[in-house]
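Next up is one chain by itself, shown in structure tokens, the form predicted alone.
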Amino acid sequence: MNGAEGLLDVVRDVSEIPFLRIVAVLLLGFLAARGVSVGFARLGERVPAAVRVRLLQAVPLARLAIALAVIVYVVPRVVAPTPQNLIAIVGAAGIAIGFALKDYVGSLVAGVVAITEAPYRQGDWIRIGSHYGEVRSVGLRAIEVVTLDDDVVTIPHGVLWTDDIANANDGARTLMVVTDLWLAPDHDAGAVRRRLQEVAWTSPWLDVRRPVAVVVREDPWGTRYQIKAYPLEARDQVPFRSDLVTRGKAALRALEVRFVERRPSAADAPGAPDAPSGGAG
């Protein structure tokens, strides 16, 4: 009886609770949050890339504001707002959450941290574990990442506590694309570097305002050339890399150099770092 009486002391009298208004506010909050996500995403497809990045970054903050507004409206209309009641509710909620929803709440807390510190935002290209792709949405509990294979991966914010997060563009319009080509060691490295730089600078996908670099290093299986350049937009990275590989191989064949042929070796064993899968990647 004491527990029931305590609960009745916390909750308002049934006749004082505006149930219809509470349901209406909850429904409006849900529709508003959904409308912000869908509306901003559609609007982002019709505006310049720089504007789209800023627009999409505002979505999680807008949804968080809507959720807080709904909570602020509903709670005082259900709970009698006395100091004792607030302490009791917070204590009971903390115990229940701590035991039953530890992982979920951990993701929610990490979500608030992600929204405020912004290690990733909508429109960013990130790598978490084995997943790489564009952040499609940032919710309070998890993010949705669209991979290069057009898979949608839902990742809880809790990875902030356990995994490293690589952000390729960090809110910028473009990102660096690294394209690898492997050649047999016996060739004129200077001529190859110059030719690959020409290939990069003449690509229709290249952002000419950013630098282009061709990096060379010797691997056990041959000489690796890395073209490091920026496409016009982050979403252009796949056609940009394909263009560099296609035209790069054609240009190198004109120099009569030999590409690396795959041969079984210890370096190709599972887990060996940076083992090539063919002449270009």
Partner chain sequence: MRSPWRFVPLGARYDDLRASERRRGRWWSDLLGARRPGRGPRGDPTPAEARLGAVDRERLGRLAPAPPRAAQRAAYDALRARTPQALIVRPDDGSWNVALDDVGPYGPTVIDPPDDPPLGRDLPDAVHERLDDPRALHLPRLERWWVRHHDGIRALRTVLARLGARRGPWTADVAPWAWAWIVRTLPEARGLPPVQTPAPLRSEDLRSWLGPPGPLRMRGSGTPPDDATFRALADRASGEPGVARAIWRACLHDGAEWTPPDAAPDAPLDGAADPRDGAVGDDAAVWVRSPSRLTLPSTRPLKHRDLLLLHAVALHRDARLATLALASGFEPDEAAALLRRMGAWGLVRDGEEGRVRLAPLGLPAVRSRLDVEAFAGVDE
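These figures come from a predicted structure and were not determined experimentally. Residue numbers count along the first chain shown, from 1.
A second form of this protein, the form predicted in complex with its partner chain, is not displayed here; the remarks below concern that form.
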So which stretch, 219 to 227, 243 to 251, 66 to 74, 27 to 35, is the one near its partner chain in the predicted bound form (non-hydrogen atoms, 4.5 Å)?
243 to 251
Is E144 near its partner chain? Define near as a heavy atom within 4.5 Å, in the predicted bound form.
no
How about D170: is it within 4.5 Å of its partner chain in the predicted bound form, going by heavy atoms?
no
Would W161 sit within 4.5 Å of its partner chain in the predicted bound form, counting heavy atoms only?
no
Counting only non-hydrogen atoms and a 4.5 angstroms cut-off, does D207 reach its partner chain in the predicted bound form?
yes
Quick one: name the residues from 28 to 49 with any non-hydrogen atom within 4.5 angstroms of its partner chain in the predicted bound form.
R46, V47, P48, A49
